[in-house]
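For reference, the chain that follows is the form predicted on its own, supplied as structure tokens.
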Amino acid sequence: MVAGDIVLTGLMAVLLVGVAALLTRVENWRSYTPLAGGGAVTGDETTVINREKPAGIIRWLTTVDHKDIGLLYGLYAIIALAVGGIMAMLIRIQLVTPAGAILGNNAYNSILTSHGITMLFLFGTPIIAAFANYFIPLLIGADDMAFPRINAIAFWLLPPAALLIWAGFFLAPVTDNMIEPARTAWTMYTPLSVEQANPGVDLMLLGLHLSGVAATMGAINFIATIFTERNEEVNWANLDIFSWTILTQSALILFAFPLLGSAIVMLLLDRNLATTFFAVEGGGPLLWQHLFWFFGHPEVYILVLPPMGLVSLILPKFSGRKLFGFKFVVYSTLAIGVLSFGVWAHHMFSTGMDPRLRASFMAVSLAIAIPSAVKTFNWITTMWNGRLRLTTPMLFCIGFVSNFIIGGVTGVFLASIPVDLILHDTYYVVGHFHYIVMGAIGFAAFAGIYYWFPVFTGRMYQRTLGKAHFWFSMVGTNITFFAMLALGYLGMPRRYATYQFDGAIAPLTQVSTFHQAATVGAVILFIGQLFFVWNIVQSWLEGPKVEDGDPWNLERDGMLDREFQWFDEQLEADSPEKDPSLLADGGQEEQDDS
């Protein structure tokens, strides 16, 4: 088995080296003109080149147009969300009864591991890349990304990454369980992740490595694009807030993901070549925790900063006024980016580290709440005395703010050493970060999808289904994750497939009741996502066509951004006549949706 793992690792290394060698032979990346058309610079003149895209599947396999790649990222992320969501439902159904309802321990651990990795690496990062790829060039007035081919390559590394991460589920039945899904939990703590003699762990690690390479390539591209491809009218003073958050996120990726890649390589060497990077007699098991969380906590802000940017961009549009304290929102974004690298050890307060070090990490962990609070007050102040229109994107933005407050305040408690020592590794932690990951990041993603739906489809969604999606998501999210906070106070440890409590710790019936409440909330949340999928697919295929370049009536408040100006130009080029009877989510053109 060890020999097979070495061969597999070698083959993957050869593949990666081959890809790198191929890239070095590609010339004129910057001068490449996408098939979608755009500007080709010749001397002092810009010549517009219009080329037909290939038809069918060939278009999507060969495209380097930032809009097409954004759609590919979005489809990939939605598929990952569906897979991760089904895994989450299996986990919740399992915990309805203390003895476990449907899964064995090994199956539960496998699904738990893959759920976390899928949601963070295969949904969270790609859904942000979907918005960024499609809209950053439009918002800054660029023809395309700085490196279109690198943009395409970065995406096409992700499907094999997903297959490697999920490989154990497909290979277990055909290999007589010689290759099984990883059961290391998503944090892959040593020595467990070293001692599991299962090639599925190696496949999962290689998949994570590929996803990290893809994220790093994308980050380089976004930084180069925002620095060098801006329209001459776009400077640092009037750069939109979403671009600021993507720029900060990309910088975090450049510092964080290579470290994760290095740690994964060391873990693979420990597993396959008997090195001692994370062995007791070598670097020690805690070394993995330090390396992982030095990546892991900036990863939280890699995931949450762009959604903050989306909310900061969308929420003012339906408040009828500009974002309050724009400069402070930008400064707080940069402050979070810097401070995020100084808080990683708050995940390790219970490991027995030097109390003086713990105190310093507690101080920084509390300090990073300040720029997050600045954003929260700015969002609330923007809405204060505003002319609110409760469209579906606005509802999801308000839901984001609400859930982010709960997730943030519970995080402040965990940043306190005495409280953390009691609540560490309980469901309180699970409830806290799910309020952020689903309640905030997920809600911001839905807000962005609904807000820009007319731009990337040319159609309008069903507003009734959109609002049903919001309310089911909001109610389900709060029932599920608030119940988890209560379970944490009752002492329920995380990652357990079954649970039996001594009455001196907590009444078993009370623990079971909160687990059942969390499962009911998860079912409500799941039903909401069925509304979402049906609405998006049906509206994309049959929804009313948008023939007004300002479907949200933003020009009335002077808030029409560049992407809708571009959209209006496309509509005029394709269909010069407008249908005055078309209704947007906001109702009649001069009326508010409330």
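Every value quoted in this text rests on a predicted model; they were computed, and no experiment measured them. Throughout, we count residues from 1 along the sequence that is shown.
FYI, the form predicted in complex with protoporphyrin IX containing FE (HEM) isn't displayed, but the following is about it.
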property: Option touching protoporphyrin IX containing FE (HEM), based on a heavy atom within 4.5 Å in the model of the complex, out of I140, I223, A263, L414; result: L414
property: Contact residue in the model of the complex, from P160, G74, G116, G408 (heavy atom within 4.5 Å of protoporphyrin IX containing FE (HEM)); result: G408
property: Heavy atom of each of D68, L122 and Q538 within 4.5 Å of protoporphyrin IX containing FE (HEM) in the model of the complex; result: no
property: Segment assignment from 124-132, 434-442, 102-110, 215-223: heavy atom within 4.5 Å of protoporphyrin IX containing FE (HEM) in the model of the complex; result: 434-442
property: Contact label in the model of the complex: H346 to protoporphyrin IX containing FE (HEM), heavy atom within 4.5 Å; result: yes
property: D420: touches protoporphyrin IX containing FE (HEM) in the model of the complex, heavy atom cutoff 4.5 angstroms; result: yes
property: Contact flag, S365 vs protoporphyrin IX containing FE (HEM) in the model of the complex, heavy atom cut 4.5 Å; result: yes
property: Partner proximity in the model of the complex: L206 to protoporphyrin IX containing FE (HEM), non-hydrogen atom cutoff 4.5 Å; result: no
property: In the model of the complex: members of 476-513 within 4.5 Å of protoporphyrin IX containing FE (HEM), any heavy atom; result: R494, R495
